[in-house]
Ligand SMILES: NC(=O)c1ccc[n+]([C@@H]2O[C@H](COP(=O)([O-])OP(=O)(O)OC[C@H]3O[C@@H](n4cnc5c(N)ncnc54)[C@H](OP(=O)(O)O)[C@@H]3O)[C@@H](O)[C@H]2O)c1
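Shown below, as structure tokens, is a lone chain in the form predicted alone; questions about how it binds or moves come after it.
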């Protein structure tokens, strides 16, 4: 092996099949000095310099068994998430998964340098209602329960006196490709639009009154992957948190008609439509569309998460954070949110996920 192909870093991507983890794996695989190991419940197909391990992260014994040979891991990128019905119920499983990974890996990975923790604007209480905007990394914590905060506190305590360090990455709603993912807004919009078109309907914004004209932002999954690796390898970023966003703001009342144009749909006035209710009976229609248009054989459950759509479209308050700290520390990338959506929609068509 010559010097140009020497592997200097070994990444363990935890949650490798989600929209964030998948894009992180793909980005790391393009870098010449990285080897990548993906952890997820269902595993994955190996590629050049990428292999996958299937493990139940809630099973501490399984984590110990499955990770005991990963002695060469240098960087952990933690992006796993398990959904639960309430904020309080999110804490035990999501904290336990991180604890299980760290406690299994830290004793054997003697060259461990960094643990990157994927968080979000829940740290600022964005999910609870109107909050201070723009949110900043220095903002005060809010009343628990909040698993993002508990995870960071665990890493802070664990890191004391250790050779490794940590970073916390805080994106807005993430846009990218992944199926069967509980938080994929672009896929929600794409499937909603495809079904609207099949039924001969205009594309109506289905959210709460007031949500159509509030200021929002998003985070492209590719940009997020690049920022995550940057923070994990930039010495100035150790033990720091960073908001990562596209760099622009939007309102649905301006963006929605542009998204509708991609699908060649007219726009009608917004109408509050609880997607979990009105889309619940559309499974047979989707199956017929898969057959009619020769789509990839993904189940309706794999391509739809209407609860997440309802959640995002319920934000009748501004939701954005200050991303300037990352720029001050040296990360200067940005992407236009409209272009991000259109690129994802085009990718979904290429993959025959949507007509």
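Note that this is a predicted model, so its numbers are computed, not measured. Positions refer to the first chain, counted from 1.
Beyond what is shown, the protein has a form predicted together with this ligand; the following relates to that form.
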Assess the spot marked by 82, 147 and 308: is this ligand within 4.5 Å of a heavy atom from every one of these residues in the predicted complex?
yes
Is residue 67 close enough to touch this ligand in the predicted complex, meaning at least one heavy atom pair within 4.5 Å?
no
Residue-level question: is residue 174 within 4.5 Å of this ligand in the predicted complex, judged on heavy atoms?
yes
Applying a 4.5 Å heavy atom distance criterion, does residue 295 contact this ligand in the predicted complex?
no
How about residue 20 - does it come within 4.5 Å of this ligand in the predicted complex, if we only consider non-hydrogen atoms?
yes
Interface stretch in the predicted complex with this ligand - options 287-295, 50-58, 27-35, 321-329, non-hydrogen atom within 4.5 Å:
50-58
Residue among 274, 120, 247, 125 with a heavy atom within 4.5 Å of this ligand in the predicted complex:
120
Of 317-355, which residues get within 4.5 Å of this ligand in the predicted complex if you count heavy atoms?
none
